[in-house]
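The chain below stands alone and is given as structure tokens, in the form predicted on its own.
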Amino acid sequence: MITIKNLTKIYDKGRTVALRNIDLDIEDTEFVSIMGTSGSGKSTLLNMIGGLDVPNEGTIEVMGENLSKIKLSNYRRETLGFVFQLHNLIPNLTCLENIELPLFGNSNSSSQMKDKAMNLLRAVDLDEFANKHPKYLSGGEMQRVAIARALVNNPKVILADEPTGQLDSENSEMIMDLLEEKQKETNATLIVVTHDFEIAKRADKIIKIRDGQIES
């Protein structure tokens, strides 16, 4: 599913090496957790897989496609679901409209988009907020909307950067149950960056990153 070879990412004109010579294989339908201290490079790695940043050296292949040779906007819309650490909701859209966004450009009618979005709002127990704007939600509620948005297009690859970071233990468990349920339902590959070992140990495999390198 995902093959990474000799991946290196450098910032600040060479002064900061975020990732150094990363080699990694992630299997189709696998649930992988990535752990590491702040600044270790785990979020940088996730952003690279998500096509949000480009390497200085090395390659990333997803489903046999080299990310440097494809249209990344199509890749992110058609293949990926991305849960950001700070939710990244659009403030002037309602919760329902935020969730519908990844469906635009696909072969969905407006009623189909609304139905899919509402089903996921119910799944995260926020259907009562469908027509409200994000500013009326708590941080945890906004994160649950962001997770619903990431899942609405049935992505083949689900990337989640600290998806439970703003949630209490009960909601964290609900969200992880939902992510795993959707992963199994759609045979997706799930990659979760987390500081929480209770979350990480749910995965098929735990990858630990330290100082931009994978610990053996």
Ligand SMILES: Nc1ncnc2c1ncn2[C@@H]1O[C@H](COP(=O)(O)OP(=O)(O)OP(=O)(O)O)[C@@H](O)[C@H]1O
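Fair warning: this is a prediction, and the values are worked out from it, not measured in the lab. Residue indices: 1-based, along the sequence shown.
The same protein also has a form predicted together with the named molecule, omitted here; what follows describes it.
Figure note: of the listed segments 151-159, 60-68, 179-187, 40-48, the one touching the named molecule in the model of the complex, with heavy atoms no more than 4.5 Å away, is 40-48. Using a 4.5 Å cutoff between non-hydrogen atoms, residue 204 does not count as a contact of the named molecule in the model of the complex. Although the partner is absent here, residue 11 lies within 4.5 Å of the named molecule in the model of the complex, judged by heavy atoms. Residue contact with the named molecule in the model of the complex: residue 79 places no heavy atom within 4.5 Å of it. Taking the partner from elsewhere, residue 18 is found to have a heavy atom lying within 4.5 Å of the named molecule in the model of the complex. Site annotation in the model of the complex: the residue of 119, 85, 108, 94 reaching within 4.5 Å of the named molecule with a heavy atom is 85.
No residues of 53-68 lie near the named molecule in the model of the complex, the criterion being any heavy atom within 4.5 Å.
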